[in-house]
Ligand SMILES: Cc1cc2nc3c(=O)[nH]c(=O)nc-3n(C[C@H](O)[C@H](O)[C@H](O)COP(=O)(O)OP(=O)(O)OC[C@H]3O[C@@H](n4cnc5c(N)ncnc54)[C@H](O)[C@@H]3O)c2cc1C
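Below, in structure tokens: the form predicted alone, a single chain.
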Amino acid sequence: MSRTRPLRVCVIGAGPRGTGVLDRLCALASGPVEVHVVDPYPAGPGRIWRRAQPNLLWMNSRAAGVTPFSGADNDVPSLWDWARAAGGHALARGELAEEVGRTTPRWFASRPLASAYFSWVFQRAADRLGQVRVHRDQAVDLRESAEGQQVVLASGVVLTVDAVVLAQGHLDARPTPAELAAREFADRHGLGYLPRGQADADALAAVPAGEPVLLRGLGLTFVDTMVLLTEGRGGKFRRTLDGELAYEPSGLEPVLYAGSRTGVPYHAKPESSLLAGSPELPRYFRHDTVPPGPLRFREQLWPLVCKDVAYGHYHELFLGHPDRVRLSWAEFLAGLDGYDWASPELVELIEAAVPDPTDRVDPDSWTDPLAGRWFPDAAEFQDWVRDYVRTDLHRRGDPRWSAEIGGLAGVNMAVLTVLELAGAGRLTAESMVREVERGFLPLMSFLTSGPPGRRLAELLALAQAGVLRFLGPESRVRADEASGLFVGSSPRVPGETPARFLIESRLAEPDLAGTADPLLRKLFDRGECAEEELSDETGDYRTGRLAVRPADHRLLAADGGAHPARFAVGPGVGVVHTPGVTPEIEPFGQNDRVARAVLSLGS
């Protein structure tokens, strides 16, 4: 590249990940850099956080914890710090003034407020860098040329640059055969069907009022869908004399019948804090305590995870609530250190030291909250779920149950250790894909990445009002040709629910081969990018994510070669499975690596 002109960079994707890359380019550039940012949605928030959404949709992190751009030598404030300083003052006279005035460090910002924050971060970086051009367009192809990388836009514009960073964020997927069959059935019988993806107010407008609607998925996408179909249609929540939330229907709501594998919603975000201080973790699950050789998560690592969870839980119980135990912490810890997880000796110790079973922790029960439960009728199951949600809200919000927060500290530390072991190549390919990515990590999201407590309180109020009902665990939906309807059911709850509308209230899993993104689809079909594949003596396993070289996030082709001028970051990118390379887990670190590698092309 000639040194007489700026380094030319194209960032495809203008959401928080693309904004993070731009911010690091700005911070690290020592010479002239010209950046083109391509996204059909607004620069900064991108599609997910764009401002043109109802303020009923919230972020899932507290304002003080929204720090995707924070790291070494970086002065980008958190959303909370921004809202109370210059950014908030600028909004004080606008439509977001009321929310800015109510924002606290523990506030869950609305998507419009998050959009304003991400827009501010983007513009701040663009102003500092100087040469940034935004293209409200979609990248549909990427080609090699003698002049550099050619980014082809849907409008026909071709951008020639020296480096390209793919930062499209969460990608839509093409319909699976099962989804195509559901769509065909719906079209043939005059029914409604919405595929996997983010909750969208415009698409949900087609859902009829007053009718049963089936929803597959009880995670965060379900919560957003629930909000838009109830409060978003004019329903109101109010406090009763006993402090509980009650729902007053508008009459425009459908009747929601929701199901999933577990049959229950995600756990609420914790509201209480530790009384005894942070436990010193990890204690049992560390690099130097795992067995030698290739590791199998469920058999060899899960017992150590459980012991760390137990350590965090009982550290808080014994030191924060000593009136509820019968041994000193030192006596109990000696046994916990010495006994294997689930051994008869440890079980006996816990039963003797912790008399109330509700004060004990059993991570083995987390994977299936309804294990072994069968219900005689749907009404009894509805009662059980309402009690389950009510108990979860109580235990996540009342300081009396702060031991649960200690256990979650063990969970969070275990996730980091697992990813570090994966980065060191210690887990077998089969265990990494089947046990960690399809088991442990989704379980951790279920436990620690659930909605704010307020949302579960609203869910409970909707269930008590009869607007929301639960299908049961292992729920399934079939297309019934005889009736021309979708029919929902659970093998553990009697009865079936027919409906004229089915919503896939969940996101698509990473699936590069099935992506709906036209640029990635072309690159994949030509072998210019590849799915991440884990291979060893246990077999070959594809993760569905885009393969990159962990050291610098350079795009890997089907033949394994790293492209010198193409990079990728984001949730659909695989980065933690190469032995000998320390994995970078946090977005800031990944953005920093990419920015340094891109800028090295201009040196």
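When you see a residue number, it is the position in the sequence shown, counting from 1. In this text the structure is predicted, and so the values were computed from the model without any measurement.
From this point on, the text means the form predicted together with the ligand, which you will not see here.
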Indicate whether the candidate residues Leu215, Tyr266 and Ser445 are all in contact with the ligand in the predicted bound form, with contact defined as any heavy atom within 4.5 Å.
no
Looking at Leu295, Leu485, Leu519, Val207 here, can you tell me which has any non-hydrogen atom within 4.5 angstroms of the ligand in the predicted bound form?
Leu519
Which of Ile48, Ala558, Ala562, Leu28 has a heavy atom within 4.5 Å of the ligand in the predicted bound form?
Ile48
Tell me the stretch among 132 to 140, 176 to 184, 419 to 427, 96 to 104 that has any heavy atom within 4.5 angstroms of the ligand in the predicted bound form.
132 to 140
In the predicted bound form, Leu534 touching the ligand (heavy atom, 4.5 Å)
no
Arg111 within 4.5 Å of the ligand in the predicted bound form, heavy atoms:
yes
I'd like to know whether Gln198 contacts the ligand in the predicted bound form, with contact meaning heavy atoms within 4.5 angstroms.
yes
Touches the ligand in the predicted bound form: Ser505 (any heavy atom, 4.5 Å):
no
In the predicted bound form, residues of 139 to 176 near the ligand [heavy atom within 4.5 Å]:
Ala139, Ala167, Gln168, Gly169, His170, Leu171
